[in-house]
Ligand SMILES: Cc1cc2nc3c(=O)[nH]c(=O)nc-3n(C[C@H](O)[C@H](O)[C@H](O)COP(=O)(O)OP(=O)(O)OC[C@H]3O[C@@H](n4cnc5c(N)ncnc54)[C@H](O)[C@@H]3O)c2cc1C
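As structure tokens, one chain now follows by itself in the form predicted alone.
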């Protein structure tokens, strides 16, 4: 019995579960980490294959100055190993933005450094007059200087509603709509203004778009190395079948490799799969089950990876959008009906900009993506892949002409890698749940479940901000909560 008994069992090695397990073990709490895949990192997965090293999906660290991973690495005593490949003050042109206004026939293009302190490139790209520029600056000043208490008041206000309070040029609205799709995989008329403004502030004040040598999985690899170094137990290739509950408290988990016992279970398998499948509805109050079922999923992200036989890309990130390409709920519903738009927004990462060894000599790797339904069975995915390829031909012929092969993935692959689909249309979320009005900030799902000893770590609960940063923030917070719970439990014995 003692051999399979731990203080805490963590399910899933994504940024939330990995951070939580590693911090708990560092703090002297005997922890078991169970990962269903052979690889680590969840959605933060990276691939090393045929001389390439890249993320499966487009990622970008926000903020780049003092992200939560840096804080965690410092506590682990490996702060010198936190080495992002993009510094906030990097002077190079880091991002290329292509934009087409509705009344233009052609896209316009501009490249700029990653810092957003200078709005001139945007004004040049949008071709707006002096009056529109001043309105834009006034809006962005209000955003970047917004105090935390006022930000919290926007948890139940959509970004569309917030922007409607201002007289701003449509070009800025269009950019904000694209940004809600890019940063949160949500529609501008449903994403919480507090959540999007927080990310905008971080980008403008602390930088955005950071990357890591070998991809984001580098972070997961260091975390799990330290986890095992400090005595933690890792089991890979094992899917948890059930979280055991007795008398309103967790007692452990059941897996194909045996039953493991612990008074605390932290699940990074997704809030809905945890409640509805791993634990079971019968252990929760009906009102809580209905609440969990009612949480809105974020959108998915479908990806195309282009392998180039010649280095033609010059900046690190590429974004191509138009007034017609970003999605609000109306446009999203049309796509679900099978009406593929003429234009989609492309988000792309050139890993070789950040890591010269990300591809064999003389080659490059481009990881691109666009928003899509989170439904693993979504019918429109192949149509979006086709449209993404068509845009590459049109907007970046220099890339298309040297593409030697492509790889495709979508919400089905995301669900298979990370969270099970336990409700129709759910499972392939790019980030997770709880980023829309009424479900984030102060109304974010509680990381402490209404069952003693059960916690959720990851983007579904306990964090805020961009995906990987948000999930790791949750993991750090849950590690704190678990420590308090175990101390109280020890005192009561």
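Residue numbers count along the first chain shown, from 1. Keep in mind that what you see is a predicted model, and the values were worked out from it rather than measured.
Keep in mind the form predicted in complex with the named molecule is missing from the figure; the text below concerns it.
**Student:** Heavy atoms within 4.5 Å of the named molecule in the predicted complex: which of the stretches 23-31, 442-450, 461-469, 46-54 has them?
**Tutor:** Of the options, only 461-469 has residues within 4.5 Å of the partner.
**Student:** Ok, 218, 418, 202, 194: which has a heavy atom sitting within 4.5 Å of the named molecule in the predicted complex?
**Tutor:** Selected option: 418.
**Student:** Of 301, 326, 306, 318, which residue is found within 4.5 angstroms of the named molecule in the predicted complex when only non-hydrogen atoms are counted?
**Tutor:** Partner contact (heavy atom, 4.5 Å) among the options: 301.
**Student:** Against the named molecule in the predicted complex, would residue 36 count as a contact residue? Criterion: heavy atoms within 4.5 Å.
**Tutor:** Within the cut-off, so yes.
**Student:** So in the predicted complex, is the named molecule close enough to residue 434 to count as touching (4.5 Å, heavy atoms)?
**Tutor:** No.
**Student:** If we define contact as a non-hydrogen atom of the residue within 4.5 angstroms of the partner, is residue 454 a contact of the named molecule in the predicted complex?
**Tutor:** Close contact is absent here: in the predicted complex, residue 454 is far from the named molecule, nothing within 4.5 Å, heavy atoms only.
**Student:** Quick check on residue 85: any heavy atom within 4.5 Å of the named molecule in the predicted complex?
**Tutor:** Although the named molecule is absent here, residue 85 would stay clear of it in the predicted complex, with no heavy atoms inside 4.5 Å.
**Student:** When you measure heavy atoms, are 17, 59 and 430 every one within 4.5 angstroms of the named molecule in the predicted complex?
**Tutor:** Looking in the predicted complex, the three residues 17, 59 and 430 all sit within 4.5 Å of the named molecule (heavy atoms).
**Student:** Who in 351-389 is close to the named molecule in the predicted complex, meaning a heavy atom within 4.5 Å?
**Tutor:** Nothing in this stretch is in contact.
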